[in-house]
Structure formats: C-alpha cells, structure tokens
Ligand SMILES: Nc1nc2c(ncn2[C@@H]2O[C@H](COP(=O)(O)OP(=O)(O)OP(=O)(O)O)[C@@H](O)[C@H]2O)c(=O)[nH]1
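Take a look at this one chain, the form predicted on its own, written out in structure tokens.
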C-alpha cells in the first residue's frame, strides 16, 4: 500500500447524467495526481478515461474506469482510488459495479443543464445500495447563462438542505468557504448550515455552538467528517476542470472529509462484517471484467480486507476454483503499471485468471467469505444475432462469451422456440457497441434483426376430436383409435385426464396417447405455436389385439387433438410486458400517447423528484425498438425497465396476419 495506512485511503466514484462533466473532471484529477503528463480532453479524443475507439467516436463513456494516485493534503499523504462511470442509461450496469467498489460517491451536476434524470438516478442508486457519503460537484460554470447559487438551490431543492456548498467561485478561481476571512452575505446561510451540521456530530461541538453561535473552521471540518460519513451532510464543490480551478480544493476536502475504508460497512452473504484491516485474511470482490486485446481478461477488484501481493494463491469462493494473482496492475488509460501490493480500499486489475467473473469473491486460501452478488439492471432491448459468414458462425460462441463475461448486463440466449440467438441489452446503443466489440475483440461480423415473438395458442371453448389410425402393410398393421375433448384449464387442474372405461384403450398404450397429445400441444392449430392453459380429456377409443401399437395411438391422439382444438375457439396469445417508464413531467403526454399507440394500457403514474414513473402493460412485439424511440422522444432523459407479466389474446385482425406469416415461414422451413 506504498506505506500509506488504511485510514488515509479514499475510494469514490463519479456519477451523473450523461454529459455532466464526469470524464473531464476525471482528466483534471488524473493530471493533478501525475497519472497523465498532459490534461486529457474528451473533445479531441485524448482523455485518460475514454480510450476505447467507440468511446472516442461517440464522445461518451462506455466503461467504468478506475484510477489510483497519491495526493498530499497539508503534510499528509493520501491514497486516492476513484472511478469514472458512464452517464448513459445503456451502460448503467457499469455504475452498479462502481457503487459496490466505492466508499463514497460524487455526483456531477452541469450548471447549464441543472438536475437531470441521470442526476436523480445516481442519487437514488446511492441510497438503494448503501452509500451514505454522497457529495456533488458543480461543473460547467464557464458556460453562458449559468449561475452557481441557482444550481446550489436546485440541488438543495431536490436532495435536501443537508446539501451545503463547501467550495465556491471566487475572483481568482475557486475558494473554500471555511477558509474565507469574511463570508459573503449570499453564502452566510450555507456557512451556517455547515456549522450546524458539524455541531450535530458531537455534544461538545453542539454546546460550543449554542454558547458562541458559531464554530471555528477546523472545528467545522472535524464535525463534518462524521456528518459526511453518516449522510446527514452532502458537500457541494465547484470545479472548473479545463482551467484547473477548484481541483486542489476538491481533492484536499476529499482527503479530509471523505470516509476511510471501513466506514461504509461491507457484509458477506451471511451478514458478517468484512473488516477493512490490512493484516486480516484477504477478501476482495470483482466489480468489473475487461477484455484487453493484448493481455486478455482483466479482473478489476476492490480490496475489502487484507493485503494482496503478486503470486499470491487465491480461492474463488463464488465458483470454488483455485486461482493465482499473477500480477497486480494499475491501469491508466492505455498504460498498465505493476504494483507490489494492494490493501483495503484500493482497486487493482489482475490478468489471466482461469475462471473468474464479475461479482465473484476472491479470498486468501482457507477463508470462507462470500460477498453478495452485484444487483444489475435487467435487459430492455432484444435483437437477433446472425453471423455473416460460416467463419463468423464458427467464432460466434467465443465472441459472445467474451462479451457476456465482460458485461453482466449483456445476455445471449438460444431461443428454442424461434431457433434464434437473441442478444439482450439495456438499449440500442448498448447493442450497437456490443456488435462493434465483437468485431474488435474476436473479428466476428454479425447482422441484427428484430427477434421473432414467441407467441402461444390456447382455446376459449370446448371441442371434440376423433381419429382412427388404421393401416395394413401386409404383415402386422397399425391400429389405434382415440376420442378426446379439449377445453380451457382451470387453475390447479391436471392438463391430461384419462376418462376411458372398460379398457377401450389399454393402459399400456395410454402413455403413447399422452405423447401424441403433447405433440399437438407443441404445435397449435392456428399458426403452429405451443399451446398452453388447456385441459385434454381422453374419454374413448378402440384397439386391435394384434395390430395396435404405441406409434398408432400416438398418431391417432395427435390428429384427434388437432381436430378438437380447431373446434374449441382457438386463440393466439402474445407476451405482455409490464413497463415502467421514468421521465421528466414535461414529456408525460408524448410518452403516454406513444404507449397507447403501441396497444399499451396505462396502469398508473407516480411522481417523485419531478420525475414521473408511468406503469403500463404493453405487448412485447411493440417494444423491440422502444429504447431508441424513447430516447428520441425525451432527448435522452427517459429510461425504462420491463418484465414479462403474462400472455394475452392477440386482436383478431393482427392474429390473422401473424398466422399467415407463420404459415409462410413453416412452408419455407419444410422446403
């Protein structure tokens, strides 16, 4: 740990809306810490954080990148580990991993844009995942029509009066409000709020505050440390990153006020606290997995307890595999710098593990700790993946595994019903980037198409079917006769019932009859989709003592089922998704109107922090392109999540079109 004690380690992540200045701030911090020999720029593609070609071309962060450096505040050296995260909702999974790895969060707010959907999402994520220590950085004050006090007021309005400015714009750049000899009138309220927050941290300070009406700057700082750790106070900073103004003031305050490892309590799956002790048995969690073109897989770990050194034997308590830490790396953009050890709060990358994935717990041999899984958002956009050539087809499996290993929010499934490989992600940009990474990492070219919908069939009435399978081939013939009826199945009823009497179908042939029924259930009468929620009752039949066979009864049952279903008012069913769309209130009319246009049914609305959450039920077939369309409607300020709710009847006019298209598809497959 470079001789720096755990008490002087600070680990934080930068969150915020896309374009709020997180990466520009990261470049300024990295330059100040000496991690880069020049100030990087997102605009010209020289950022130390956005080094991937996709990030450079899109001018957005796609991955969560971590950095570590040493900073001297006063006479004390501090070890800073910080993470730059994406702001786009398509890459929100990276944010979840960064939150798990951090002791504190800094939310960037662009003064020109104010409080946006991503700002609110970041705040709620901190609260939901147990990070009390949250601060704000105001960026963009060098833009036109911006005002520091207006931005502070907006932050306090949305997130409470515990949000207090600590650094402020000054004539010569940025100043710490606690270091001002005389506080300007417009900042007196903020100074008082800081003093009150500090006073509440101890009885001694509270008594002095009541007696004297104020506290000294050092007393306020001491009290604020506890207030920030508990989450009762959220400092607000000003940084003009491109000019370098406010970076030192921000970092000095981070060192003095932000919590050390151990303040945020990490507990294993059994609820046992993992102590941030450098001398304890080693415990770490993988919060990010990256694929490096030259090194291969890099596993980024947050050390929770103990100390790790190169060559150390480890056990993966999530999978049970044995591993070795071949080397420890600090990754600065495209540079990889070996380190000798890492302790609590530090973040390092380890290459070439055999069987390690994001979320896994790595421990010293003999340690049984297993950390809780990282809670990732569920996919909201699905696309079918098709290899362009046979060579691409041969490498597709490897390419998909690499992507899935590096991004837990990217899912690949083989749909057994539609026979398609489906890629699931958090949005159209997420999917597009995945395709580009497939080409970059594995040289695999693919095409995307809208997935086929896995429809179902059912019946709404009763129908009867009969079929006698009789065939003479010269020797033993084939004979089997089945009478059955089909009807909707009530909850709790058996799907297959044998009501025959008198041995009309011998018991040894009934399993074959059920196989025939199951064959009918796999391909319905409307469009050949699987049939669900039906009850089939076999009530009569006949057999031949010599010619009857299992094959004959299976064929007879299958044909009888098809006849019965055609008479039982068959219906086509489609998957219905419950969708929750979160948007600024100004977009409410456009979004609800669009949902109605998609055959959706709005169930309710809930207002929170000037954001509306609209809950609706919408057919899956209407949602495949929804992420891009929602972004277009809301200027990127909307987000949504969805889950399968049930299957429901397709309107008659659409059902006819779907059935016709399905018949054409089956005909082509037969040919």
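Remember, it's a predicted structure, so these values are computed and weren't measured experimentally. Positions refer to the first chain, counted from 1.
Keep in mind the form predicted in complex with the ligand is missing from the figure; the text below concerns it.
When the ligand is considered in the predicted complex, only one residue from 611, 602, 60, 35 comes within 4.5 Å through any heavy atom, namely 60. Checked against the ligand in the predicted complex, the residues 477, 408, 140, 173 give one hit for a heavy atom within 4.5 Å, which is 140. The chain is drawn here without the ligand; in the predicted complex, the stretch among 140-148, 487-495, 383-391, 551-559 whose residues come within 4.5 Å of it by any heavy atom is 140-148. Among residues of the shown chain, residue 11 is not one whose heavy atoms approach the ligand to within 4.5 Å in the predicted complex. In the predicted complex, at least one heavy atom of residue 242 sits within 4.5 Å of the ligand.
Among residues of the shown chain, residue 86 is one whose heavy atoms approach the ligand to within 4.5 Å in the predicted complex. When the ligand is considered in the predicted complex, residue 621 lies well away from it, no heavy atom lying within 4.5 Å. The partner is not shown here, but in the predicted complex the stretch 13-36 reaches within 4.5 angstroms of the ligand through a heavy atom at 17, 18, 19, 20, 21, 22, 23, 24.
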